[in-house]
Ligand SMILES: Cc1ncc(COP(=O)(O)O)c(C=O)c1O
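In structure tokens, the next block holds one chain alone, the form predicted alone.
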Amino acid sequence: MKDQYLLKKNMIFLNHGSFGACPKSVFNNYQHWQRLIESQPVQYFSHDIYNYLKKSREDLSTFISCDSDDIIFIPNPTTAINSIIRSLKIDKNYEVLTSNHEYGAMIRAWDWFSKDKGYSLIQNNLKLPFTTKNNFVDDFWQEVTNNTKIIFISHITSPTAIIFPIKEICQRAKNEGIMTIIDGAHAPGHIDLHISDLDPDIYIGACHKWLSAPKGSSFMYVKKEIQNSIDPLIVSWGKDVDPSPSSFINENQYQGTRDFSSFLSVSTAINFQKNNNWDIVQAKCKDLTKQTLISLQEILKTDLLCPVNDNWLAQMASIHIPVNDSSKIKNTLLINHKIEIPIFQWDNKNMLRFSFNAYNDKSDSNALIDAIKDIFFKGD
């Protein structure tokens, strides 16, 4: 499978979780759309783009199980959360509840706007290791108060690579009248995603990560009942030129002249997975993730964050690595061992996070394990 990607052959790429990696066929489709723009720009931007976007939304909505009129394409999840926070009417006594496992840029956005809007951002420092879904939800709910009006939480966390029990959280929040905003950047193409079953109020997903679409392709789902609450981040022509009958679509999907090619390539990315037996790929990668995590835990003698099973982990995992200088060990892995892998600080610990996708195999796992042994026992 590695031959189907553009990745360097002399590198072991264990960092799909950061920015993804685009297959050649999907990237070629991306360039096809870019060439089409230049062949007749006026026809493309004045007329054709709306039908192209509609088709791409329909394909994506089928893949993630929701109504195509409830999603819009956006460049990245950070853009989406800025649109959402700017739009929502959040009173000064409101509390937004989140966790200490969230992506830093998202937390920074919530914190930034809290100074202007006056709401309180509460980060629940969740107890580790996680055990069961019920215990997780109960622990998370310890910080819910009468002022909790919004829950913002990841489906799969970025720093710790853990699958949170989102369905249970959304259901309990719905029963208590709390809005749910889910950061699903790592979910599409990584785990089965059925938004209609999860029933969040808002769901943000990245297509350029595990779905392996081109960079700059993400989506925002908003439940019909609250779509009128979401204003466009950039006010453009909107309904004056957009033929969509949905106000949510025509006010948000076209925000000035830009290259829509990454959005239009999402259909090809979906088909790439369908045509390559992705359920088998995912099963192989999940198994490799578990095996690698167990081996690293035996070497490093550090505590695991959660049980090693499908309730909590998929194709990505994080483990505490007992070093003082994370940049040094990251550079050692990159330069001496040709391994591209993220090492970063979280919760006052240095964490190593590894990802496996279609282009990886057991030899890549062995290379990481051997490199960690060399570093810790031979002073590499």
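Position 1 is the first residue in the sequence shown; the rest follow in order. The shown structure was predicted, so the numbers you read here are calculated from the model rather than taken from an experiment.
There is another form of the same protein, the form predicted in complex with the ligand; it is not shown, and what comes next is about it.
Next on the checklist: Considering non-hydrogen atoms and a 4.5 Å limit, which listed residue (Ser114, Gln171, Asn76, Asn124) is close to the ligand in the predicted bound form?
Outcome noted: It is Asn76 that has a heavy atom within 4.5 Å of the partner.
Item to check | The unique member of Leu293, Ile163, Met106, Ile202 whose heavy atoms fall within 4.5 Å of the ligand in the predicted bound form | outcome: Selected option: Met106.
Next on the checklist: I need the one stretch from 92-100, 300-308, 135-143, 76-84 whose residues put non-hydrogen atoms within 4.5 angstroms of the ligand in the predicted bound form.
Outcome noted: Of the options, only 76-84 has residues within 4.5 Å of the partner.
Next on the checklist: I'd like to know if Ser158 sits close to the ligand in the predicted bound form, meaning any non-hydrogen atom pair within 4.5 angstroms.
Outcome noted: Flag for Ser158 set to yes.
Checklist entry - Any of the heavy atoms of Ser154 lying within 4.5 Å of the ligand in the predicted bound form? => result Residue-level check for Ser154: yes, a contact with the ligand.
Checklist entry - Does Ser18 make contact with the ligand in the predicted bound form, using a 4.5 Å heavy atom cut-off? => result Yes, contact at 4.5 Å.
Item to check | His190, heavy atom within 4.5 angstroms of the ligand in the predicted bound form | outcome: Flag for His190 set to no.
Next on the checklist: Only counting heavy atoms and a 4.5 Å limit, does any residue of 178-212 reach the ligand in the predicted bound form, and if so which ones?
Outcome noted: Contacts from 178-212: Asp183, Ala185, His186, His208, Lys209.
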